[in-house]
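The data below hold one chain only, encoded as structure tokens and taken in the form predicted alone.
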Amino acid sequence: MAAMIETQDLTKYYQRGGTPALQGVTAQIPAGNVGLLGENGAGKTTFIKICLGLLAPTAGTARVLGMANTERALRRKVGYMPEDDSLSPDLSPMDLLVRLGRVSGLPFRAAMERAHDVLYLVGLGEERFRPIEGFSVGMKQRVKLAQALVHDPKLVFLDEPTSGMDPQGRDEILQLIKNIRERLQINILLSTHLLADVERTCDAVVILREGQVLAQGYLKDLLAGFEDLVYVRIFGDLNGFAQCLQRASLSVSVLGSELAIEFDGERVYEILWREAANQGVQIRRIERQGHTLEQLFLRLHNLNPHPSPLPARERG
């Protein structure tokens, strides 16, 4: 299957000689629901804007749905839900969506029908004629999602769609994202710093850090590529005990207040109890688990504490 998004050595500098927002990003993003995951400042929004043709890269190329990101025809096939509030407060959701549908090339009647359908889909059927200025944060997020869908795109970019929402509203938006893929067969690139959002809604992920790709692929494959972990909580010198276990040939990482040890057989427990007795350490908790996305994310950060920067290039 052809990639939904392909980038090659994508690099972006906003200032000559400054810190790059993207550093040689090469990605093959499959169709479906895909998470673009990274901390704030990782380069996620820059990546999206380049894919949409809203920003020119300093170097590298991007293709979306088989087309160059600069092709005008691409605009009809993609939708964009920005992180920032970009809504007209004096308009109603219905007015806004009809106008955007017309701008996208829909006839007036088709734009009206599509606006009604999409607003009901996102849960704003009863509020569709009210001015947006009186809406809550959650309702505005729904309007932003609806405007990204009104022209029936093949791919929608969602930039931090649950930002600023309460737990119930966030839960509802995430369910909507799943429904959009299942009911409408629209591909989604979900940009977020929230790992739980990706785990709940996405099949694949691209993990960015400081403008570089740490990992990419289907979640099931990424998580299957790691051994189960044994999580250990102790009373004593955590870092010292970790070094002791490493000298005893165990693969150990410090994750917060716990140790994460790669499980490679029952010998792990034998070494744990032996070294704990030798070091005078009290073991308070031992639990073996398969990997979650959070554990994978933390492990990748521990393995790559400081990604290597590329040499500065002139702004293109």
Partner chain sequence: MQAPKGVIYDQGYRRYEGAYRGRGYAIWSLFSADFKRALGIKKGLWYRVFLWIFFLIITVQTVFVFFFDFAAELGSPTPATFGQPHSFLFDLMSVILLFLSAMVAPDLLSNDRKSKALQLYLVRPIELYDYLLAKAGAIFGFLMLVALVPQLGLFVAKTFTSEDAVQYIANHARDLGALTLSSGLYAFFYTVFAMALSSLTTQRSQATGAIIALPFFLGLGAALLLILTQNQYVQLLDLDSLPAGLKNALVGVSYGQQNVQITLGDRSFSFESLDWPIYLLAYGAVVAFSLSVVLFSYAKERP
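Positions refer to the first chain, counted from 1. Remember, predicted model here, so these are calculated numbers, not experimental data.
A second form of this protein, the form predicted together with its partner chain, is not displayed here; the remarks below concern that form.
- With its partner chain omitted here, the record of contacts in the predicted complex names 93 to 101 of 190 to 198, 242 to 250, 162 to 170, 93 to 101, defined by a heavy atom within 4.5 Å.
- The single contact residue among Ala276, Ala31, Ile286, Leu52, judged by any heavy atom lying within 4.5 Å of its partner chain in the predicted complex, is Leu52.
- Only one of Ala215, Leu106, Leu219, Leu176 comes within 4.5 Å of its partner chain in the predicted complex through a heavy atom, and that residue is Leu106.
- Within this chain, Val205 is remote from the site of its partner chain in the predicted complex, having no heavy atom within 4.5 Å.
- Although the partner is absent here, Ala68 lies well away from its partner chain in the predicted complex, with no heavy atom inside 4.5 Å.
- With a 4.5 Å cutoff on heavy atoms, Val232 does not count as touching its partner chain in the predicted complex; it lies far away.
- Interface residue remark: Asp84 is counted as part of the site for its partner chain in the predicted complex, having a heavy atom within 4.5 Å.
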